[in-house]
Structure formats: structure tokens, C-alpha cells
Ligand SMILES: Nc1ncnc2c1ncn2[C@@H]1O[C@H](COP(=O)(O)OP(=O)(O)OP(=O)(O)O)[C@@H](O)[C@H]1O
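Below sits a lone chain in C-alpha cells, taken as the form predicted on its own.
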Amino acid sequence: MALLDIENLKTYYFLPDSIVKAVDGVSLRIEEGEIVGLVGESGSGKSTLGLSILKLVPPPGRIVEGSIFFKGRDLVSLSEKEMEKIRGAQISMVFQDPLTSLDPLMRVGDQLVETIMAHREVSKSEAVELAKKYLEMVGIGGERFYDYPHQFSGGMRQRSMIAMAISTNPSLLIADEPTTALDVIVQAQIMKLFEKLRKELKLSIILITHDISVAMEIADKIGVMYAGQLVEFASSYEIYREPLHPYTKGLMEAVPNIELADMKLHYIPGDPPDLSNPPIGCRFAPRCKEKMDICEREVPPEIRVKDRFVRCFLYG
């Protein structure tokens, strides 16, 4: 049994004059101890998918269809009180901006202690020791326990949020754009930290990012999202060796190679579609170099190619 099994998930935002189909029929499986990268442009539905797993989609959004099985239980059917026992304790999330996630008036250590005591039956002194242990686990000295968020660098704030997320011993960690606004050296350190935590804590991780090269550093598998749909899902090696979907190919071509002095930067022409009025047929067709007539008339099905799948008529 998979740790997380999402089937035909649909999460829509109901606006006064339109319905935005942010996640529209996504199916995804994640095994224990696996790192899955979720990549795509801004607005592709990646963050909404992560929030849907925790049932934290802000109004006017809501899950309208599908199931999210976590350890055999369908989270969609659970009450808010039941979900409170799962959030943080079994599934944790690291949000995009650590500065806004941390209380500026509380010491970082006190915020860790508060999180630990909310989810684990320990005394205050035990929680303090655990907080220092988790700070050290993510590369922050225990003596920084008494510092405030403004005394931390961007990378340290992100590490402290990761420490807070793992301090409850979750089975699944959702990291939403954890390297945004960090320089490449700190990005690499955060990626190595995730790999270390996966090995030491047997943690499953969903890494949400717009940068496919970042995901390929540590992810076992990669799911490519476009316009609210998962258009390709395969191992990182297969995506690197032979991307199938034209959108995945475009993302791979857009990754710059610093070893080539005369390399031309590639980009995907056009803009993502309006998810309140997506195009008929394939949602990527207006930007696709390989589109056929059928692409503009019919929605492509999920085509299985060995142990991967792609949503494209090229493989029908």
C-alpha cells in the first residue's frame, strides 16, 4: 500500500463570476521513503495540490471531487477535528516564505517548543532539548535557540522551518518552493538536507518547485504539472534521459548549461491558459510545437508507457 494515493483530485476556486480549476483530475502515488518532485510554471496548480492534501485550501477554494488516501484513510472524508490530528503530526508542510511563517515576536526555539508540545506528550524541558536537537539536525547550532527570526539569514530561517516541520516525526513532508529567493549555494545545502532527512528519518517528501533542475537533484520521481493537470510522471532518470511530453521537453531545454559558453537560452513561447476558461482539448496545445488537429478537439488520456505515464496524443 502506498503512503499517499491521490485519485482524480479536483480542487476549484469559486469566484463570483467564474470557477478556477486549479487542480483538475490529478492522480498521484507516493511510496514510503520516496522523494517526489512536483514541477511546473507558476499557476500550474502545484501549491494548491499541496494544500489540498492537508485540506488547507483557502476560501473560496474547495475540493469538489476525488480522494486522498494517506495510510489507507481518505483524508477528503475526514472532519476538521480528525484532520487536526494529522496536520503537523503525520503530514507537515514547509511554506514558501519562512519569514512570514515565523512569529517575529517569539524566539525561534520557543516556536519549536510550542510545535513539539502541541503534537507530542513531553514536558517543557524535554521539548526544549528536542528543539535544540532538531535545530542541530538541520545545521543550526543549539545556542541559536534563543535568537529571533530577524537574527537568522534567509537560509537559516528556511532550515528552522524544516526543523519545526520534522520535530513532530511526520511520515510525509510537503516542501512548497523551499529554495525560492535563496542563492544557489544555499539551495544546494537545502537539497542535501532533504536527502539527509529522508535517510535518517525515513521521511517521504513532496518537493514543489518551478525549477525542474532543482527537483532532479534529489527526487526519485518527478510529476510535471501544467494548467491544473499532471501531464507526465516518471522517474527522474527517465525524465532526464527521455522526456516524453512536449511541455516536459520545453522545461528541460530551458535549463541553462553553464559549461557551454555559446549556449542560447530556450523558453516556451506563449502564456499558460486561463484556468477559469481552459482551451478545449489539450491545454498545452496553443503553445505546443508538436500539436496535431486532434489536440485542439479532444482531451488527451493518460497513456501508460511501461511504468510511467504521459498525457499526450503523441503516444496514443
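All residue numbers are counted from 1 along the displayed sequence. These numbers come from a predicted model, not from an experiment.
If you look for the form predicted in complex with the ligand, you will not find it shown, but the lines that follow are about it.
- In the model of the complex, the ligand sits beyond 4.5 Å of every heavy atom of residue 9.
- Put simply, residue 15 is close to the ligand in the model of the complex: some heavy atom of it is within 4.5 Å.
- The shortest heavy atom separation between residue 285 and the ligand in the model of the complex exceeds 4.5 Å.
- The ligand is not drawn, but in the model of the complex it has no heavy atom within 4.5 Å of residue 248.
- Put simply, of 256, 33, 60, 279 only one has a heavy atom within 4.5 Å of the ligand in the model of the complex, and it is 60.
- The chain is drawn here without the ligand; in the model of the complex, the stretch among 24 to 32, 248 to 256, 285 to 293, 52 to 60 whose residues come within 4.5 Å of it by any heavy atom is 52 to 60.
- Taking a 4.5 Å heavy atom cutoff to the ligand in the model of the complex, the contacting residues in 30 to 65 are 41, 42, 43, 44, 45, 46, 47, 48, 58, 60.
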